[in-house]
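As structure tokens, one chain now follows by itself in the form predicted alone.
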């Protein structure tokens, strides 16, 4: 009986060893980076030093140093709940930022928040990304804590492994003693044989099923989501230059956003409103502007639109002349020379490659941009409802496009992300014709019975509002 009891103890220790490897999560700076992009980047500056929609995150732990760490974790996880308790730091932050609640992230674990703060500190202090590829991140107190935390797990694993081996030896010895008393022949097992027992194998199969099931469900949930997706477009277009430096309103180009379901990708004719006059200055070179001219059939040398029916060779002559003239003006030469001719030829080949494909044989015609933001077919989303009625800024969903040289998907656009926004976002009732019919809510606000109305209060969480 003692022998069987110790065998069970050995098996339990082996299970503990397995769980210490598979279930022990620890904060990592890479996990923090992923969490920041998924949850924080929409409202907080990525340099951690600049205030944006929300405050700069760098030094947050120092600013909360007078309070327990759990208070900061509670603030990050659900700021509204902490404000409701009367917490002085939470109330002050709420007042400083125009009584605007931060989105709740109730699913974040303590390890997730530790990872997030580790990443914030690393970026703020300049220790992340490391100055040398592959070099360890140093200098951050959070990073050092993480390193120690990791060694603790490895130490625990070593201790458990040693105890498992020790108990294996004890069970063999006791088994031999028990066999001698009963007169039975004792055949000792090796340590590896003990690991191949039916109990261990059964548990391993069970753990594998759980792991594969979790992986399958997790991948299925993330199917079609492409946060951070930034494909190469047929024309290199910098939102940083247009929306940032030149401060062109998003809705000037994406005119549909204010009046229809779709924001629409602007036609090249919209580009021509400016580039019929602005023919140089592109940070990407002459070829990118020439792609616009070629797609609409505009001759920038003569400021006229080209008659229909031109052959490919005739179009090539028009645009290579333009490219060559720009090169000669930039270099201050009268002839192209071998280098200039090669440059013109390469740029023309790039233009043809970008504007044509197996289906589109000519450079003229619509530019086939690659779509970045794409919701599932069963999801209904109306830009006008959010932009014109809800008065949301484009950056709320698309991130700081005015800082993007290459446009990328900033938000996850997941169902949970939308629901959290609907729960937190206050409807702008004041001077908004669309919401005049909500008489009761207006009366409640006027009488002081209600401070605000959120999207969820007016049906923003009803399934049929977003799903057909």
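Just so we're on the same page, rigid core means the largest C-alpha set that superposes within 1.5 Å between forms. No experiment lies behind these values; they were computed from the predicted model shown. Residue numbers count along the first chain shown, from 1.
There is also a form predicted together with a small molecule; it is not shown, and the following applies to it.
A.B. asks: Counting non-hydrogen atoms within 4.5 angstroms of the small molecule in the predicted complex, say which of 174, 84, 158, 248 makes the cut.
C.D. replies: Looking at the other structure, the residue within range turns out to be 248.
A.B. asks: Which one of 381, 203, 305, 162 is close to the small molecule in the predicted complex, taking close to mean a heavy atom within 4.5 Å?
C.D. replies: It is 381.
A.B. asks: Can you work out whether residue 288 and the small molecule are in contact in the predicted complex, taking contact to mean some heavy atom pair no more than 4.5 Å apart?
C.D. replies: The answer is yes: residue 288 has a heavy atom within 4.5 Å of the small molecule.
A.B. asks: Would you check, heavy atoms only and a 4.5 Å threshold, whether residue 211 touches the small molecule in the predicted complex?
C.D. replies: Output for residue 211 is no: heavy atoms all beyond 4.5 Å of the small molecule.
A.B. asks: Indicate whether residue 435 is a 4.5 Å heavy atom neighbour of the small molecule in the predicted complex.
C.D. replies: Looking in the predicted complex, residue contacts with the small molecule include residue 435, since a heavy atom lies within 4.5 Å.
A.B. asks: Contact between residue 124 and the small molecule in the predicted complex at 4.5 Å, heavy atoms?
C.D. replies: Outside the cut-off, so no.
A.B. asks: Tell me the stretch among 295 to 303, 328 to 336, 311 to 319, 268 to 276 that has any heavy atom within 4.5 angstroms of the small molecule in the predicted complex.
C.D. replies: It is 268 to 276 that comes within 4.5 Å of the partner.
A.B. asks: Aligning on the core only, does the CA of residue 33 end up 2 angstroms or more away between the shown form and the other one?
C.D. replies: Comparing forms between the shown form and the other one, the residue 33 CA shifts at least 2 Å.
A.B. asks: Once the core is aligned, does residue 371 move its Cα by at least 2 Å between the shown form and the other one?
C.D. replies: No; residue 371 is a residue whose C-alpha shifts by less than 2 Å between the shown form and the other one when the cores are overlaid.
A.B. asks: After the core is matched up, is the C-alpha of residue 115 off by 2 Å or more between the shown form and the other one?
C.D. replies: Passes the 2 Å threshold, so yes.
A.B. asks: Having a change of 3 Å or more in the C-alpha distance between residue 372 and residue 33, I'd like to know whether it is closer or farther in the predicted complex than in the form here.
C.D. replies: Result: closer.
A.B. asks: Look at the CA atoms of residue 372 and residue 34: state whether they lie closer or farther apart in the predicted complex than in this form, given a difference of 3 Å or more.
C.D. replies: Closer in the predicted complex, by 3 Å or more.
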